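Quick heads-up: it's one chain on its own, the form predicted alone, in structure tokens.
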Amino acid sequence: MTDRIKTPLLFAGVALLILLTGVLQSWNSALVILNMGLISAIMALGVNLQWGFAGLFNTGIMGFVALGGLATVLVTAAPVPGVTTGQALAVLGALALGAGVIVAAILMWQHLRRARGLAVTVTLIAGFFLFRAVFDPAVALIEANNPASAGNIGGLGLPALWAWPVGGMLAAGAAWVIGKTALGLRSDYLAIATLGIAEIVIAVLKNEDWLARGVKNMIGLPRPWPVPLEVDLQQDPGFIAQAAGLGLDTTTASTLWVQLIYAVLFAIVLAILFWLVERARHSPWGRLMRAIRDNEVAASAMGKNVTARHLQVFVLGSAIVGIAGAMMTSLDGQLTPGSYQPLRFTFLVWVMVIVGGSGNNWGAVLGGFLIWFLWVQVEPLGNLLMQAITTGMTDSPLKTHLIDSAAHMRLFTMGLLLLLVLRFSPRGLIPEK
């Protein structure tokens, strides 16, 4: 079967699965799966840019998703009453001071010839105490300000759509810092380093209450334009009349309309990013990246700066993942640092890329939709299967064990699917040409 036939058939099959979800379960469930599928496809595009184009094994995807979510909080959340400009400037000044100390230490190490170890040590120790002297008092005042409902620095109160590119820029900035230190490592060490850095990002979000309330979570984040609130739609006479004309109650109609608007917004972002990444793949830069991926030694011998190109693609892929993270937080309306788990935001995205087809953007998008659909639907379907298997059984430890095991069906299914694809289609469902 040629790609001209195979690719549309695969996408049509995924679309049919989502439509069947709407018919057999509920249209709200189908739209929720569609929206998260769109966001997952964007994450897969970013990872495919790093792995499929350049062969960079990034296991810190979760950290960049979380940074995108943090950007949504800092950009869209309302300013917190009681946090003065001086306190905010003190925190920002302390962070800038800390960054300046690190830069100064790096420059000393690079340019000093004598006693540079001593100079760097003294600079770091003195800078640390100076940083804490400025940072700690300001943070203590911010966290003491109405900690039950605030206790954080607050946001800028800007429109939510602005947070999406800011999330990409924040993730890109972090990726640049990580890449400057870690991209010189071998692939397995790069994976360990990025995984550790992602865990550090999550630990900071959980423990620094002044930033985004830590594990107390940020809720009630504003929605992007033009997504309305369900309660506003339910009080609109025109919308009530339209819902009645469709035979829907107002609550269901308002929920479906909101989810549909989100789907349109996410589809537009996915289409723009997909077009840009496809243009990059077909450009001389894209061909160079694939040449570096296939043989770094040969590319370096031809005079190409392999490390610089790796840094470029690492930053670009992380920025796309950061945009997806900001979109997901806007969709949820809240930031919950405890929900960022490597299984969901690193392993699952890698499965999407591998199953869809590494190096092929169409495959990455297909994998995002397909794997997310299975991730959501396998557990309830597994529960129905176990109920059917144990119908004739009397109450026994075996029956209880089988029914309780349905919760693990999604992990079993992901592993089984990955094994089947690697066995029968090792380059993915839509392989790179």
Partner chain sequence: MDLLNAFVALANFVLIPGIAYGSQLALGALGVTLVYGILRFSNFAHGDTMAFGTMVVILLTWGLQVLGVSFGPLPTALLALPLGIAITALVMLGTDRVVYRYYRMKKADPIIVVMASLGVMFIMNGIVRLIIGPDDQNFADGARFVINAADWRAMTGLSEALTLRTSTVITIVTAGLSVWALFWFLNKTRTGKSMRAFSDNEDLALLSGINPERVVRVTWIIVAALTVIAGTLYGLDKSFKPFTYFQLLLPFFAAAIVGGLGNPLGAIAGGFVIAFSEVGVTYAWKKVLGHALPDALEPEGLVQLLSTDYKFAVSFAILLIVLLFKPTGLFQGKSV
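Positions refer to the first chain, counted from 1. Not measured: the values here are computed from a predicted model. Rigid core here is just the name for the largest C-alpha set that superposes within 1.5 Å across the two forms.
Beyond what is shown, the protein has a form predicted in complex with the partner chain; the following relates to that form.
Are L17, L248 and A263 jointly within 4.5 Å of the partner chain in the model of the complex, each by at least one heavy atom? The answer is no; none of L17, L248 and A263 reaches the partner chain.
**Request:** Within 4.5 Å of the partner chain in the model of the complex, counting heavy atoms only, one of 202-210, 271-279, 86-94, 216-224 shows up; tell me which.
**Result:** In short, 202-210.
* Asked: Just one of A160, A243, V73, I178 has a heavy atom within 4.5 Å of the partner chain in the model of the complex. Which one?
  -> Only one option qualifies, and that one is I178.
Counting non-hydrogen atoms within 4.5 angstroms of the partner chain in the model of the complex, say which of W362, F239, W109, W285 makes the cut.
Partner contact (heavy atom, 4.5 Å) among the options: W109.
Practice prompt. Using a 4.5 Å heavy atom cut-off, state whether I320 contacts the partner chain in the model of the complex.
Written response: It does not: once the partner chain is placed as it appears in the model of the complex, I320 has no heavy atom within 4.5 Å of it.
Worksheet item: Are any of the heavy atoms in W27 no more than 4.5 Å from a heavy atom of the partner chain in the model of the complex?
Response: No, W27 stays farther than 4.5 Å from the partner chain in the model of the complex.
Considering non-hydrogen atoms and a 4.5 Å limit, does the partner chain approach T59 in the model of the complex? Looking in the model of the complex, residue contacts with the partner chain include T59, since a heavy atom lies within 4.5 Å.
| message | Given that the partner chain is not shown alongside this chain, does I354 nevertheless sit within 4.5 Å of it in the model of the complex, heavy atom to heavy atom? | response | Answer yes; at least one heavy atom of I354 falls within 4.5 Å of the partner chain in the model of the complex.
Residues within stretch 132-164 having a non-hydrogen atom within 4.5 Å of the partner chain in the model of the complex: Contacts from 132-164: just R132.
Any CA movement of 2 Å or more for L422 between the shown form and the other one, core superposed? Yes, L422 moves 2 Å or more.
Legend entry - Core-aligned C-alpha movement of S405 between the shown form and the other one reaching 2 Å: Comparing forms between the shown form and the other one, the S405 CA shifts at least 2 Å.
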